[in-house]
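Next up is one chain by itself, shown in structure tokens, the form predicted alone.
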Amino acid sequence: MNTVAFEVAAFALSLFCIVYSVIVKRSQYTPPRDFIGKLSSQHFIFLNLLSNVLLSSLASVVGYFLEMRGSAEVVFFQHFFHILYYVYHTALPVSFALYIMNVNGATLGRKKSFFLYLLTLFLLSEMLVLSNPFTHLVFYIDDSFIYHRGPMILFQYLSGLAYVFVGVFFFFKNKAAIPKKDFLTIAIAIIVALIGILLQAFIPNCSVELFFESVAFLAMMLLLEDRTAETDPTTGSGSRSAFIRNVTKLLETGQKFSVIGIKLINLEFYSSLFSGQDIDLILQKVYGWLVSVYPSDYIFHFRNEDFAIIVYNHTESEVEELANELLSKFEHTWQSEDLTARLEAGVSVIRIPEDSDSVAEISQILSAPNSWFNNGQRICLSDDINLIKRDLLIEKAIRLAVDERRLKVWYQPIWSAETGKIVAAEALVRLFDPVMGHISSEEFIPLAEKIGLISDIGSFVYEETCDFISRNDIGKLGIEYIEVNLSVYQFVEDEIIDKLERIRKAYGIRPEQLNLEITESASSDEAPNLNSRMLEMNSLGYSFSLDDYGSGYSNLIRLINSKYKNVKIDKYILWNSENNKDSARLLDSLIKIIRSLGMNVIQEGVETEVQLKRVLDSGCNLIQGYYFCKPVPEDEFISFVKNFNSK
């Protein structure tokens, strides 16, 4: 049966695959130099596979035509091209097994001895082929110049099948390390190649093995090797999806490695000054330099300001040395055509699995806000990574608590020096997470502001407080109003007043029963309509307190221009006054000035009798702190106020 057409087709397909692969990968691929590097390089082995199919099919086609013209003059060439066929054909199964192992990471971390053991059968098979002119064990050509299989041809096929089964074994063992699409592609490729091997093994004249294998490799090239969908369009580096695929492979195969994250802190500033094309040129310049210090296969670009490098098979000191080298480069300017930029960068080093063992968490750490750069720090190591991880856990807890309305509102009494009674209270939000337990408001409130959930939290506390007032006659308790915290960020909302009014009216309470605390966590510049909206709400009957005075952006001008009923002095000023004379003088002056402006002073954080006497002597008229009562749940608060005010 004339099956040379299948060999010609195999040659054409493999040639196409090689040309296409070289064109697609020409700017993305750097061939490895060392022995282990070559055998554990997915693309190198793939090119090796294609080359073996190309050369074996070429040798087979030439051998076929020589056999058609069999004579004493060409018998030497018949022998030569058949040997050439078997040399390259014998390399196909082991290359196929190595390719599968490279796709799912089974070759990662392997020593040289592992590869030598793996190659044993291949080397024996090649020795049989190369010694065939003397032994005729693999094939022979009879006196009529006809090709015949030798007695050891079975060994050749069994060797090939053994490597296919090795590939199948590692394929299933590490299947979790590859995406489902890649898994299906390899499964189909294995089946197609196996059919070709079995057909040719049991039907001597059916030379379809190379054709079946070339079809399988074409599918792998299109679906596994062509990673243009995983290429960042700006820099040409790997994208986030490529990063996730590589990290997944390393994690699933139990490797130890590090990820170096590079965050361009001030890129947004330059983005506001220059065109998108100019910024792209700078990013390409950064990537070009990164490639000069580390292999491109392990460099990834997520979004404009984030790069990541996977550092594999390096010691911790080598990783830190690389991180510092990267950081030092950003002490200089970057220039591209007419644009010069002084990029500031921060570098984080994540050790895997010590610092993290989850793809999602690693990605979150790399994309985390750059708040840890604010104190001038430029390199983030394990201790800093732990803080970022905690912030991520808190963020998750906040989102769940908001979505499931699991936040709690507790109340802390406010005592009046003039009446000696509890006359008000502050509604304080509490977060109790099933995993993390109690999370301090000093931790989660600033984070909620950063991630845009402070408005949801503020609305929740406001509504819970309205509900509390509507269910309890707080006037009979001696409570004039409840203080509810609102972030400055909430006043950015166009519908904030209508929103608060709808909630209040739904619970049927008077605006005078609420006193809204404006926190100092942000400048009023971030809410330019703050004063006008405060005046509008004043006209509706609401009153306001200024929270944590002395710790943020507030000043006397703000006090004068805004109609605050109460001013709450930051507790840290009180606590510092006990050991610092300047803080003590500041505290006394603030209380006197605020009282002279006709506003009440609430001193928070009063915990001892000495502290109480100090602020009372200075003229403070409202006290909040553990000296009287800590924040407590609703039932405890009502019970406490009843008992206290009945004395």
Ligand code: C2E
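As the structure is a computational prediction, the values presented were derived from the model and not from experiment. We number the residues from 1 along the sequence you see.
What follows is about the form predicted in complex with this ligand, which we do not show.
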### Task
Using heavy atoms only and a 4.5 Å cut-off, decide whether all three of 548, 571 and 607 touch this ligand in the predicted bound form.
yes
### Query
Could you tell me if residue 430 has a non-hydrogen atom within 4.5 Å of this ligand in the predicted bound form?
yes
### Query
With a 4.5 Å heavy atom cut-off, would you call residue 143 a contact of this ligand in the predicted bound form?
no
#### Entry: 4.5 angstroms heavy atom contact with this ligand in the predicted bound form for residue 426
yes
### Task
Determine whether any heavy atom of residue 454 comes within 4.5 Å of a heavy atom of this ligand in the predicted bound form, and answer yes or no.
yes
### Message
Looking at 107, 515, 487, 174 here, can you tell me which has any non-hydrogen atom within 4.5 angstroms of this ligand in the predicted bound form?
### Response
487
### Message
Given the stretches 583 to 591, 63 to 71, 617 to 625, 42 to 50, which is the single one in contact with this ligand in the predicted bound form, using a heavy atom cutoff of 4.5 Å?
### Response
617 to 625
#### Entry: Within 4.5 Å of this ligand in the predicted bound form: residues from 433 to 450 (heavy atom criterion)
441, 442, 445
